[in-house]
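Coming up is one lone chain in structure tokens, specifically the form predicted on its own.
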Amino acid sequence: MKLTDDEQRMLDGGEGPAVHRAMDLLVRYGEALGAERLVPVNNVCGTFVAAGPMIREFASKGNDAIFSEFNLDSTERVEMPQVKAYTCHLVMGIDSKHPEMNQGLEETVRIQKEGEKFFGAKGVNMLATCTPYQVGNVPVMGEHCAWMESSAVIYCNAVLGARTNTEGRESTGAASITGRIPYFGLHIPENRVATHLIDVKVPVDDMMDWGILGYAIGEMVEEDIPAFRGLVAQPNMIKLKHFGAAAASSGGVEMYHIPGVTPETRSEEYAFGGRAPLTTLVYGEAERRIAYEKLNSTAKSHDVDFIMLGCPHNSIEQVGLAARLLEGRRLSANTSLWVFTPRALKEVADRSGYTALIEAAGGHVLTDTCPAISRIMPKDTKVVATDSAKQAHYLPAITGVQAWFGSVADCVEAAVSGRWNGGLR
């Protein structure tokens, strides 16, 4: 790998042992990928604060040890320096602001708060959301980034036009203190062109439709790059957020092209870089129904225990929609409703009166995490209803629950009635 003089100096230890280990990790990582060089990055989204099983083993060793082991792949403890790149922390392991949801986890809450204080002092911004673009981290078209979290990565590439691969905790940790990442994959312009053409034959308009489309396409193209023909309704941020999360869940999609929507995609021909698609796939009524049925394939009982909204984390408009649908109503005595949003947006929801409406109905507005990350749900939950294709995909495998997928309105009705009556329209 060819290094600049500054990069070689970092590798040689000129900026201290932590930066040396970070550069060593990045060089080994890049060489394994066949990268010829590193690229400067000044936008990193990773995971730094301890969460899950690692807390019990490493908390007593201190946060420098956590950073060394999990962000630098180093068994030798080194002191973490100030970050060099703009860096934010993604989702947390727990919502420490709601101890009533975290009974028996008081020690976990304490350790997480200590981690937030430690890494915050090093320059890591505690956005604590899988949707950093909703709370101020909005890279520009062409900007090289180092992001974790599959739904954030696909949004960064396809909606914002910035450039990132799906990175891991180690590579983002190393990038945060070096400002470098290997130049490979979607950092390279010719690797960002479409491979498969998707001919859409049915209307795709509301958020549920976009989630189903994403889930179907992820299975169709796996890790390749689709371009779309026939999408006539203009999608907004919410729809693209859910579409990308679904495509990255059922497949490994990190980039897509919608002419007139994706910043790099002026036309279908431009999406393919002037080349012919490898194949053309059809998304019609049959494909839509198959995807919907797969999303609901784990659900057997129509008696619902738990309704989860907000994966990826809800925008303020989505919190407002849930509040309006619940206004003047009351949850069934047999159900719980949790609405997840970034903590910064919960402040807006509080001031706008949305939180009060949801709580008056018996629901809760939570932040920082989600059930797939925290593994926390109301006690004795067996059947979940959600508006998230991503949660419907992961929760049954992770926690063993049954999961219904549908619209926000379907989910609110289930919360109020205690029964699932949603369906494909």
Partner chain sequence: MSTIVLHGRKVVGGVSEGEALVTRETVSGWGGFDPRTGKVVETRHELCGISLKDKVLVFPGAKGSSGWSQYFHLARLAGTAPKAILYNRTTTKVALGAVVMRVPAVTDFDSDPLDIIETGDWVKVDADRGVVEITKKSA
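What you see is a predicted model, and the numbers here were worked out from it, not measured in a lab. Numbering follows the first chain given and starts at 1.
A second form of this protein, the form predicted together with its partner chain, is not displayed here; the remarks below concern that form.
**Student:** Which of 287, 73, 264, 209 has a heavy atom within 4.5 Å of its partner chain in the model of the complex?
**Tutor:** Contact check passes for 73.
**Student:** Just one of 372, 65, 357, 39 has a heavy atom within 4.5 angstroms of its partner chain in the model of the complex, so which one?
**Tutor:** Residue within 4.5 Å of the partner: 372.
**Student:** Is it the case in the model of the complex that 29, 32 and 170 each bring at least one heavy atom within 4.5 Å of its partner chain?
**Tutor:** The answer is yes; 29, 32 and 170 each reach its partner chain.
**Student:** Looking in the model of the complex, any heavy atom of residue 343 within 4.5 Å of its partner chain?
**Tutor:** No - in the model of the complex, heavy atoms of residue 343 and its partner chain never come within 4.5 Å of each other.
**Student:** Any of the heavy atoms of residue 215 lying within 4.5 Å of its partner chain in the model of the complex?
**Tutor:** Residue-level check for residue 215: yes, a contact with its partner chain.
**Student:** Please tell me whether any heavy atom belonging to residue 219 falls inside 4.5 Å of a heavy atom of its partner chain, as the geometry stands in the model of the complex.
**Tutor:** Output for residue 219 is yes: heavy atoms within 4.5 Å of its partner chain.
**Student:** In the model of the complex, does residue 223 come within 4.5 Å of its partner chain, counting heavy atoms only?
**Tutor:** The answer is yes: residue 223 has a heavy atom within 4.5 Å of its partner chain.
**Student:** Within 4.5 Å, heavy atoms only, one stretch in 332-340, 349-357, 138-146, 295-303 touches its partner chain in the model of the complex. Which?
**Tutor:** Result for this chain: 295-303.
**Student:** May I ask you to list the residues of 387-402 that have any heavy atom within 4.5 angstroms of its partner chain in the model of the complex, in sequence order?
**Tutor:** Heavy-atom contacts to its partner chain in the model of the complex: 393, 394, 396, 397, 398.
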